[in-house]
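Alright, here's a single protein chain in two forms, structure 1 and structure 2, each given by itself as structure tokens.
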Structure 1
Amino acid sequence: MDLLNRYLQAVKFWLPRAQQDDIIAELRDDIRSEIEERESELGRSLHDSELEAVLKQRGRPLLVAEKYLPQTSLIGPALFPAYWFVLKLVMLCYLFPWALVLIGAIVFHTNAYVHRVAPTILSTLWTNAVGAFAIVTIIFAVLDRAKNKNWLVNDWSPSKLPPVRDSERISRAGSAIELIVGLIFGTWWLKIVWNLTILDSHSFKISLAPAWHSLFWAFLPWVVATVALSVFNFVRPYWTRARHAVKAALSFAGAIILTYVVKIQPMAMVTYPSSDPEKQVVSAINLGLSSVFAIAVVINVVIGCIELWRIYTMNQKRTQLTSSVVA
């Protein structure tokens, strides 16, 4: 019976202290009853291997004890969907952009400093991810334990629910903003790429490298096409496969142009009133500029992929609709 005592001791370890003896006494009696029944069937005592089989059939001690414990969860089923939604939101709005920036910086920078600090940035990103996860989890665990979920059950109104979303409809306000920003930023940007001057004040001049000039003819059709798409979206505010395809093509084209931009080194030149410009300042400006463009490349690739995905899902929906009509 040593094996039985060892088994019961292992179960007891996981039980609530106040009920340990009671539960173990009952479990002991139940197992002994089963053993006695087997022994009377066989007409002999059970061998160790047979006793072991009886105990194994009962299950792992932790799992046996767990059935006596109250059902507990850190975040219950009522709040879990909201918890999961917030976690995804944090990941999408906070961690994902930072990860993109980091990947962009590591992939496109030739600067040795960036590669040297990359592990530190990665570790910070990881710490932030764990921190964000912990904070969201703690908040929801506290909310779950607040228990009074009346507000969750009763404090709502059907009329306050958001309107039905049409995923194919384009917001006119969004198109208008895109159009205005596209026109202002596009004109400003084309002017800079043509003149190569970013800032010219009191003999302090920041200008782009001459290599930029050749990219003007690449930026021009890109800006025009982007503005044209915004105009078209404003007039006919519905996504079609063709328009998704144009947007994807524009994003990938933007990514290609910007990849060339990132390769221009140095990107900018600084002219100081004194004859000895600070090398560190020039280097910092160049590093900042190439970081911004590296990020822009990654963002364009992501947008392009999203548009391709939308075309794919539109096709899927159409196939499903056709097959359901045929059926």
Structure 2
Amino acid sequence: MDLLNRYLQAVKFWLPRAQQDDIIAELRDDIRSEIEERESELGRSLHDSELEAVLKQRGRPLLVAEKYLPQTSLIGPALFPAYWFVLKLVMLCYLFPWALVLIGAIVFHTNAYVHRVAPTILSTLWTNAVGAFAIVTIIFAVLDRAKNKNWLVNDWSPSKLPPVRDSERISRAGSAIELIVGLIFGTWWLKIVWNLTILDSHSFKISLAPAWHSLFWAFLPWVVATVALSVFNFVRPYWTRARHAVKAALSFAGAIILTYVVKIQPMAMVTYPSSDPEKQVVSAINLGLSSVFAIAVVINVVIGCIELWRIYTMNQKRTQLTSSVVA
């Protein structure tokens, strides 16, 4: 039934998150009933090609999912799931970082320079949000009116759907990349925190404030523990509650350390060989560093919360499995 699971996974992707499990359970029972009827007629199990024909008759996953979605007028139900997915992707990858920069600038700075910059960032954020929403909406509205639905119905095969993803399995390639990046970036970062030098050229020098040096001993065990987790994930590529808990603890610990980093003001000092640096240049460098680390704090907190949620869902699944076995 691997082909059926792959088909259901593809349908689930387009469904509303709150209703995914109920709809998929209903659809699975319906398809299995149809398969059992055909098997009883033939007196044997269906071959893969026959099962593929059953699923193909059901229709492309996008069209099956649209039956459970609310009807829209500007963009039809056939393209609305893809439209909503692209819109969320734009918000997450483009507008969300801008919003974090604005929040970091407002929360962690009170000087006059930030008050001059914040309205500009807010204006840019609002303009980009409206522009992104309008462009994506117009594109999908045009596609909805010009589309030929034959490409949705014909020329597709259930066997070409992606395999069912094991949510508890860790990609060894991903762990290897995390390990290599962790070693390279961790070594580079610890060297900077120890030497307090970001850039040193013939024209000018950018150095971290002396207060950074005391944070070296906080970053060192955090980097070592992060690299060790990547090694362990590579050797034993399966998520467990304990490993989720370790990752959550490391994320929250990183957020705490970076919070102390953001409080260091000024973060960096600029030294010119023959003249005093312009105040705007120094302010811009410190604002940029503060914004980056403020965003990093938020990202670490989000990752930690996600890991706690994964622990909770794992406990729920085990409780449901135990209850079903007892019943």
Partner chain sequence: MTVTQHNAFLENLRLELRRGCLVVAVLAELKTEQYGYTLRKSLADHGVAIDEGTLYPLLRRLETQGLLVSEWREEDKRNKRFYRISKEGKAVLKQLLGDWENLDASLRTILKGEFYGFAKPLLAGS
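Under this definition, the rigid core comprises the largest set of C-alpha atoms superposing within 1.5 Å between the forms. Counting starts at 1 with the first residue of structure 1 and goes up one by one along its sequence. Note that this is a predicted model, so its numbers are computed, not measured.
K.L.:
Looking at both copies of this chain, which one is the form predicted alone?
P.N.:
Looking at both copies of the chain, structure 2 is the one that matches the description.
K.L.:
Just checking, between the two structures and with the core aligned, does residue 263 shift 2 Å or more at the CA?
P.N.:
Not so; residue 263 is displaced by less than 2 Å.
K.L.:
Is residue 214 one of the residues whose Cα moves 2 Å or more between the two structures, with the core superposed?
P.N.:
No, because once the rigid core is superposed, the C-alpha of residue 214 moves less than 2 Å between the two structures.
K.L.:
Against the rigid core, is the Cα displacement of residue 13 between the two structures at least 2 Å?
P.N.:
The answer is yes; the displacement is at least 2 Å.
K.L.:
Using a rigid core fit, what is the CA shift at residue 134 between the two structures, in angstrom?
P.N.:
C-alpha shift for residue 134: 4.9 Å.
K.L.:
By how many angstrom is the Cα of residue 57 displaced between the two structures when the rigid core is overlaid?
P.N.:
For residue 57, the alpha-carbon shift amounts to 44.2 Å.
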